[in-house]
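Quick heads-up: it's one chain on its own, the form predicted on its own, in structure tokens.
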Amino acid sequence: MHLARLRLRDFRNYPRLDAEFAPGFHLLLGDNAQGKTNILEAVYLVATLRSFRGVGSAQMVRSGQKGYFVGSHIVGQGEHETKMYWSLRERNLSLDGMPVRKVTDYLGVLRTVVFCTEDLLLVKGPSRSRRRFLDLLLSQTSPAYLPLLQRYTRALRSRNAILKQPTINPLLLAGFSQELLQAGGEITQLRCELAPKISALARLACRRIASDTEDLQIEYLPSVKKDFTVELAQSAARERTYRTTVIGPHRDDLDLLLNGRSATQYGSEGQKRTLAIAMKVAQADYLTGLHGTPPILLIDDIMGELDLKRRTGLFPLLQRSRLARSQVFMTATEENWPEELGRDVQRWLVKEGGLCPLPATDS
């Protein structure tokens, strides 16, 4: 699978971009604030319909414009055309010329994994960062998961709105509680099944990056310990006090243990970065194992921040992408592409919202 063409209109600092990409490695070079990360963000948007920067669509519209357009041509087992337009008044998403009615019909047309400085939130950030990691991976690999998550979220919002009322309607509360229990139980089960698989892959990646000196374990910490129905009923008094739903999958977390101790509390900055990279490598390895081909890797200016040991830990993943003729997009402010990966790299200059190919360097 690879992204053969990317079209942007009024996206971030790009008034217009039409670029074609071959399979293989692409190095986006340029000074800061020229638009390198914006290209990675657009590719990620095509794959997931969201930004890895954690911002809304309004922030992706070029300054002074009403909306943005992102289009792509994707080559895999088949070929697909995607088009999306967003403005405050109009939102359109199409796949192969047909409007997309359900997001589940779209997700999976392109698979990506992004490596960026924000990955540290997986270790240092709040629990929602780790839940989002699970949710994205399950949405990419389990067609039933996203509808479940949407059902749960709608029920949770409605239930919380009822709990905030001066007088609680018990019949309405019971109805949304039942929906919460049904969807929540299935979400918990799918997360429980995924967590040990990701833990095993992340452990291997961590040992590879840290030269077998650090042992990583990832444990799923569900908010519901045994029986969701019983525990939700038992939380009624706390709900009246806090006026919100205090138990359920929206309170789940992952416990990251490094050599048996909490990495969040006791890990050094270098160790936390190692863990974050290991989790993203595990995500890519899981997608590769499930689909048989690597996802597109988006590496946002992190090579310069990594010492040689941690960079080396990424090489097996990059080599698999090379052998499978997948794609890697990496941004950098200077020529720091790892020599171990050879010189077969398409170099691009990114400057002031423009993208142009650079001549090949001598090997």
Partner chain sequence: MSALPAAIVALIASLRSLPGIGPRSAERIALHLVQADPHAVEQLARHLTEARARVQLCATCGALTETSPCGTCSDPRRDATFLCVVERPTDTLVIEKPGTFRGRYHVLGGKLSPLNGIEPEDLRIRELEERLTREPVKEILIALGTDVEGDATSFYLARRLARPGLKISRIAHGLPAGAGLDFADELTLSRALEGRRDMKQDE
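Numbering follows the first chain given and starts at 1. Because the structure is predicted, anything quoted here is derived from the model rather than measured.
What follows is about the form predicted in complex with its partner chain, which we do not show.
- Its partner chain is not shown here, and in the predicted bound form it never comes within 4.5 Å of any heavy atom of S235.
- Although the partner is absent here, G175 lies within 4.5 Å of its partner chain in the predicted bound form, judged by heavy atoms.
- Although the partner is absent here, R154 is a contact residue: one of its heavy atoms lies within 4.5 angstroms of its partner chain in the predicted bound form.
- P143 belongs to the set of residues with a heavy atom inside 4.5 Å of its partner chain in the predicted bound form.
- Only one segment in the set 127 to 135, 260 to 268, 91 to 99, 163 to 171 has residues whose heavy atoms sit within 4.5 Å of its partner chain in the predicted bound form; it is 163 to 171.
- For the options T188, S87, Q182, T293, the one in contact with its partner chain in the predicted bound form, meaning a heavy atom within 4.5 Å, is Q182.
- A single residue from the set T244, S223, Q217, S158 has any heavy atom within 4.5 angstroms of its partner chain in the predicted bound form; that residue is S158.
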